[in-house]
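Quick heads-up: it's one chain on its own, the form predicted alone, in structure tokens.
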Amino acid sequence: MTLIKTNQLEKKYDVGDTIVHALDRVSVRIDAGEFVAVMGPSGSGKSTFMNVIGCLDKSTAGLYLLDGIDVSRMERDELARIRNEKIGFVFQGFNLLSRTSALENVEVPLLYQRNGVSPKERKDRARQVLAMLGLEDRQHHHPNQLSGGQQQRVAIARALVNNPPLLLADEPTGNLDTKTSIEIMELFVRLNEEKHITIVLVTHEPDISAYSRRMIRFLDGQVVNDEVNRP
């Protein structure tokens, strides 16, 4: 089943008298359950691609289907709903709320569900996903009381609490040491293999991309390589 499909996707920016093609006719298909690394040098288009498939930005032209839904021309409120229901985000800087506990950070996406979630259910679901990531004894700790790896696992728990079909990770190990980076990447592999969560990960590090099953490389706004990384 195809989860992500782009056809002739374009993103243009006006920079003075110049038009920059951040994405130039990008056609990609990613099936449900895949683990894909997106690579490329700075300015190659990989971050723009991530922003568009994450419904954080809109394309200038072309088609984008997410889980069979045409999100190409959706308005801001519709895109926000799709982000909340279909996508979990993990960022390099963790983006946790500093004055709230790990549990409360994980609850945040549940506050914006259309049908509403009771306070008890929010806490129960947040506790479950924290326990799944080995953080049941850290649920009442604030971010400054957690290590970098623990903070990133809280961020991953927050991304998963709505049970989205897609997890987008943007340089998720960029602020972590080598040992912790390996632990986080092994966690992504486990989530992909055991929970069948589709993962698209942006990285510039070959040793991080090696954990994926497929690698898409961007250059000058175009896909220049798309290959199976491991069986």
Partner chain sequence: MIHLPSIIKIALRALRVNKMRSALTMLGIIIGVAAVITMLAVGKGASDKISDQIATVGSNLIIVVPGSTTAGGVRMGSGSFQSLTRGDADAISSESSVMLAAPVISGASQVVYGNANWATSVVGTTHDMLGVRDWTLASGRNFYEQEIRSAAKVCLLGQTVADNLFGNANPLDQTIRIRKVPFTVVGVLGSKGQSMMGQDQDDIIYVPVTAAERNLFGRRIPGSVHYIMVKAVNTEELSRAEEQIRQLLRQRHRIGPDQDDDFTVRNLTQMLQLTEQASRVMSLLLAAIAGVSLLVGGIGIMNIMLVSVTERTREIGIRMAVGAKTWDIRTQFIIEALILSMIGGLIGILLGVGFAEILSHFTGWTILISPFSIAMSFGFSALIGIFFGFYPAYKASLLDPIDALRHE
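Positions refer to the first chain, counted from 1. Keep in mind that what you see is a predicted model, and the values were worked out from it rather than measured.
One more form of this protein should be noted, the form predicted in complex with its partner chain, which is absent from this view; the next part is about it.
In the predicted bound form, its partner chain lies within 4.5 Å of some heavy atom of Asp57. Looking at Val129, you'd find every heavy atom of it more than 4.5 angstroms from its partner chain in the predicted bound form. In the predicted bound form, no heavy atom of Arg138 sits within 4.5 Å of its partner chain. Its partner chain in the predicted bound form comes within 4.5 Å of no heavy atom belonging to Arg125. Remark: all three candidate residues (Arg99, Tyr112 and Arg158) come within 4.5 Å of its partner chain in the predicted bound form, counting heavy atoms only. Here the chain stands by itself, but in the predicted bound form one stretch of 183-191, 198-206, 23-31, 49-57, 49-57, has heavy atoms within 4.5 Å of its partner chain.
Just one of Ala80, Leu146, Met74, Leu133 comes within 4.5 Å of its partner chain in the predicted bound form, counting any heavy atom, and that one is Ala80. Taking a 4.5 Å heavy atom cutoff to its partner chain in the predicted bound form, the contacting residues in 89-109 are Phe89, Phe91, Gly93, Asn95, Leu96, Leu97, Arg99, Thr100, Glu104, Val108, Pro109.
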